[in-house]
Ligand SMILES: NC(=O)c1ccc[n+]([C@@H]2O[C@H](COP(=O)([O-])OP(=O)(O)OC[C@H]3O[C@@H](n4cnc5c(N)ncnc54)[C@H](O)[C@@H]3O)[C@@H](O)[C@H]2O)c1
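Consider the single chain below, provided in C-alpha cells and representing the form predicted alone.
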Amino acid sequence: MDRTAGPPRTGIAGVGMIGRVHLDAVRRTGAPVAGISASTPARARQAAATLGVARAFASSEELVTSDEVDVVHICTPNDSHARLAELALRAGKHVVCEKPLTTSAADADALAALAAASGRVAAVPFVYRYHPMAAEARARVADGRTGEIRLVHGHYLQDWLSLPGDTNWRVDRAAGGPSRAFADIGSHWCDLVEWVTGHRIAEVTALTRAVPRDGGTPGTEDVVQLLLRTDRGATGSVTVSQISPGRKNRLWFEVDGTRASLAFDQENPESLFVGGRGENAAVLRDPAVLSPDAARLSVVPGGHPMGYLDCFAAFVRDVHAAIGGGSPVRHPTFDDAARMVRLTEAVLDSAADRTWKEVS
C-alpha cells in the first residue's frame, strides 16, 4: 500500500445518491475508479454497468481490503461505517467516510485514534466548508474584520420527510443510529459554524421532536432546536428540521461580531451578506477580490455559478493532495467527525432530560 505512482485508485462502497456524488467528484480529479460495491452483488453489477465502472465487488468488505484499491469511500448506511472504516485502515487504505463517522462517540474516538496511528489519510466530507463564500466568511473572522464574535445562529431545513408516507433507511434506528436529523444535517451546520468562527460549541441544551409515520410509531428525531454556548463566550441557536415543506436544503447561518455580521445561505451560495451599523453589502463571489483560500476554491470566474458538486470535487482534490504528500491538511478529518458524534450525543442527552450538557 505504499504505491505512489499516479493518482490513487478509488473504491466506492455504496452507490446510492451520495455514493454517486462521490463517484462524480473522484472522476473530476482524473483518478481511476477501481470498483464499487452495493448491498448485494447483483445490485453492484447493475450499478457498475449503469455508471460505467469496470468492476463490481461482491461485498463492501471485499472492496475495502482489496489490493486493487488505494483509497476507500464509505457511502453505506451509518451502522456499517465503523466496521468498514476499521477494516480499510487495518488493510492500509486511505479512507473517506460519510458522516456520521459512527453511531456512538466511543466508537468514533477509537476510529479517530486508529486513523492517527495508521498514518493514512482519513477524511469526512463536511463539504460545505468548500463553498468559496463560506471560506470568505472564515477569512473575515480570522483577520478581525468582524470583531469579536458574540452571537451565532441559523438553521438547516429540509422537507423530504415532511409527509406521513415519507421514509428512508435513515429513519430506521438500527441502520441510521440513535440520531437522524442532527447527525445527518445538524452536524454539517455545527461543523461549518465552528470552522468559520474558530469557536467550539462547549455546552448545549436541546429539544427534539419525532413525527408519526404511516404504519408505525415515530422513528428518530425529525426536528432539533438547540441553544448553545461556545468556548470563547459566544451564544447561539440553531433549528434543524427535515419536515419543513418547501425547504430543500436550506443551510443558513449568521455570525454577529462587534464590528460586523456575516450571513451565508447554501441555497444561494454566490454571495455573502456583510452587515454593519452604517452600511450593508452583498459580497459576490469573484476570485479577483476574495481572500486567498476563497479564491483557491473559486474554480470558475465570478458570474458562473458554483454549487454542491463543485464543493465535493474540491474536497476530493484536497484529500488526494494529502495522500500525495507535501500538501497541508485542508480537509475535514476523522477527529472533526468524532467531535460531531460527541456533540450529537450531548444533544440527545440534553433532549432526554432537558438540561444543559457539556460537550467533551
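Throughout, we count residues from 1 along the sequence that is shown. All values derive from a computational prediction rather than experimental measurement.
The protein also exists as the form predicted together with the named molecule; that form is not presented, and the subsequent description refers to it.
**Q** Using heavy atoms and a 4.5 Å limit, would one call R129 a contact residue for the named molecule in the model of the complex?
**A** Outside the cut-off, so no.
**Q** Can you work out whether R120 and the named molecule are in contact in the model of the complex, taking contact to mean some heavy atom pair no more than 4.5 Å apart?
**A** It does not: once the named molecule is placed as it appears in the model of the complex, R120 has no heavy atom within 4.5 Å of it.
**Q** Find out whether any non-hydrogen atom of R140 is located within 4.5 angstroms of the named molecule in the model of the complex, and reply yes or no.
**A** R140: no, not in contact with the named molecule in the model of the complex.
**Q** Considering only heavy atoms, tell me if S39 and the named molecule come within 4.5 Å of each other in the model of the complex.
**A** The answer is yes: S39 has a heavy atom within 4.5 Å of the named molecule.
**Q** Sort through H199, R247, R170, H155 and report the residue having a heavy atom within 4.5 Å of the named molecule in the model of the complex.
**A** When the named molecule is considered in the model of the complex, the option within 4.5 Å is R170.
**Q** Mind telling me which stretch in 120-128, 266-274, 203-211, 227-235 gets its heavy atoms within 4.5 Å of the named molecule in the model of the complex?
**A** One stretch meets the cut-off, namely 120-128.
**Q** Select from 71-96 the residues with a non-hydrogen atom within 4.5 Å of the named molecule in the model of the complex and write them out in sequence order.
**A** Result: C75, T76, P77, N78, H81.
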